[in-house]
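Listed next as structure tokens is one chain, alone, in the form predicted alone.
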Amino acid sequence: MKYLDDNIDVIINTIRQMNGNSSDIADRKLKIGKTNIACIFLESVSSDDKISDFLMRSLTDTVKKRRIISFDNLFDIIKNNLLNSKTKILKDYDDLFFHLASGFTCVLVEGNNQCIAVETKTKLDRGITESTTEAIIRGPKDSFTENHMVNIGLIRKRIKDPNLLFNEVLVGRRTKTKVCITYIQDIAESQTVNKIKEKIESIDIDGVLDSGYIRDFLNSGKLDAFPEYVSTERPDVVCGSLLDGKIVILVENSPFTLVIPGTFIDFIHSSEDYYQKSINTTFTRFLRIAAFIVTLLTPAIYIALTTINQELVPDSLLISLSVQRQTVPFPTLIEVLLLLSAFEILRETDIRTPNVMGTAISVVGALVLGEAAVNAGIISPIVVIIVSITSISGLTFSDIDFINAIRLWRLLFIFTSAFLGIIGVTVSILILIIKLVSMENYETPYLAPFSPFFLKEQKDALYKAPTSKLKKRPFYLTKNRTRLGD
């Protein structure tokens, strides 16, 4: 750490040398009476209007009658006249450049080895818009943005509780990104909060550009395909999680937040479940579970029944399947893998392609590819149906990490069924259940409230009771369980 010099020119030259004489560094020197004053700022992150209309005008109008101005007097003048800006006193070059890069203008006084930092940042982010990754049918339409203070404000306006805390930590040796640990003090478990704080404070990395950079540091360290957190850009999802006792991680310059701990049931639930009638929500949740089972098991069961366990298939259906496969040159396993791979490629193309043309490419690609493959005798029609059902069921889920976990386990089911048939499918199901049951995330069982099973917790698991009946928070998240008074 190098402390500031007491010469204005030396300070300005040092800052320029630190940044390689970057073109966006600007300075302006003033002389008030017999005192030399300089302002230095970065044009790329600072607002010219704020600097000229507020800071410069305040300096010239307030102190123009003084012949000699001291550092303390100048700080008092700025602090008392610029009430809408943050003001700080800085003493070293690293802190000075950090504030310059954060949109501050630094005021230097000749003969003093300190400077005054005044916030004059410009708006470099988009406004509040509807979520682009999570479809909103009913509920609030706003979503988080890249502006850190705006994100905090979107939570504050929903939860007006003094126990709602925002603890910030700077992460990244070069980016110095604000990572905010958010929780409700009298609901969240203090042990979990402290563990998360320790992990974030121990992160030593060059830079953090998105919340995804720190997720691996927050995980348990095991190679688990299923995600241990919920990533969302919806403030209502975040606030609902906070009220349940969870901890939320906000990362500067990222619209995606991390909700910890994440459980399996979080990916079956949706925030919109609480905006609809309970009977409709219950039906929808069972539909999602059915879709999860279908997208995971359908290809494997088809391969097992047509290759190894043919005695389980009715004769008429088996004959029909055999006729369809007469011209297909590949084994069933290769046939299914080829078509699944083609669909996943089309899906990735749809995601990466601009919206104006992405949907057209995926629809045309699927129709042309499926029809051409069947007509050419490369793929049988029943496999097109099987893969279509599998893929459509997988589209029920929007979380990309959860989708990727389903992909990996689907492959395991496919390969075990190809070699062991229905026995392989059964063994794979047992392995999956054992894996999910054994997973813990900050001492929270991943399959809670199913394992361990508590009857009272089933009011908001698959079955959704009316909101007036949900008087307790989940037992596995907090000890402060009272949610609704009698």
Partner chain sequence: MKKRLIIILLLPVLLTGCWNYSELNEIAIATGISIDWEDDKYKLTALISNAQKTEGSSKEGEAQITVFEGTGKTMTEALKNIELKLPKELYLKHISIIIIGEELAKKGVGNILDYLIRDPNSPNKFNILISRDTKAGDILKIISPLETFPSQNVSLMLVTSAKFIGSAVEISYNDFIQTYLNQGINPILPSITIKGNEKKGEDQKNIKQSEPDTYLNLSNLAILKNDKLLGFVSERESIGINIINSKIKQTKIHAKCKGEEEDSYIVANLNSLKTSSEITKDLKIKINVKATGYITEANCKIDLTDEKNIIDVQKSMESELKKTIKEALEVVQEYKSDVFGFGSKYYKRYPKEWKKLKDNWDEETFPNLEYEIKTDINLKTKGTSNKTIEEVYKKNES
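Positions refer to the first chain, counted from 1. In this text, all values refer to a predicted model and were calculated from it rather than measured experimentally.
Unshown form predicted together with its partner chain; subsequent notes refer to it.
Checklist entry - Tell me which of 394-402, 310-318, 142-150, 261-269 has residues with heavy atoms within 4.5 angstroms of its partner chain in the predicted bound form? => result Result for this chain: 310-318.
Item to check | Partner contact for Gln326 in the predicted bound form: its partner chain, 4.5 angstroms, heavy atom | outcome: Yes, Gln326 sits close enough to its partner chain in the predicted bound form that at least one of its heavy atoms falls within 4.5 Å.
Checklist entry - Is there a non-hydrogen atom of Phe419 within 4.5 angstroms of a non-hydrogen atom of its partner chain in the predicted bound form? => result Result yes; Phe419 sits at the interface with its partner chain in the predicted bound form.
Checklist entry - Counting only non-hydrogen atoms and a 4.5 angstroms cut-off, does Pro381 reach its partner chain in the predicted bound form? => result Yes, Pro381 sits close enough to its partner chain in the predicted bound form that at least one of its heavy atoms falls within 4.5 Å.
Item to check | Distance check, Ser85 to its partner chain in the predicted bound form, heavy atom within 4.5 Å | outcome: No, no contact at 4.5 Å.
Checklist entry - Which residue, Ser341, Thr132, Ser202, Ser322, has a heavy atom that falls within 4.5 Å of its partner chain in the predicted bound form? => result For this set of options, the contacting one is Ser322.
Checklist entry - Only one of Ser241, Thr295, Thr281, Thr332 has a non-hydrogen atom within 4.5 angstroms of its partner chain in the predicted bound form; which is it? => result Spelling it out, the residue with a heavy atom inside the cut-off is Thr332.
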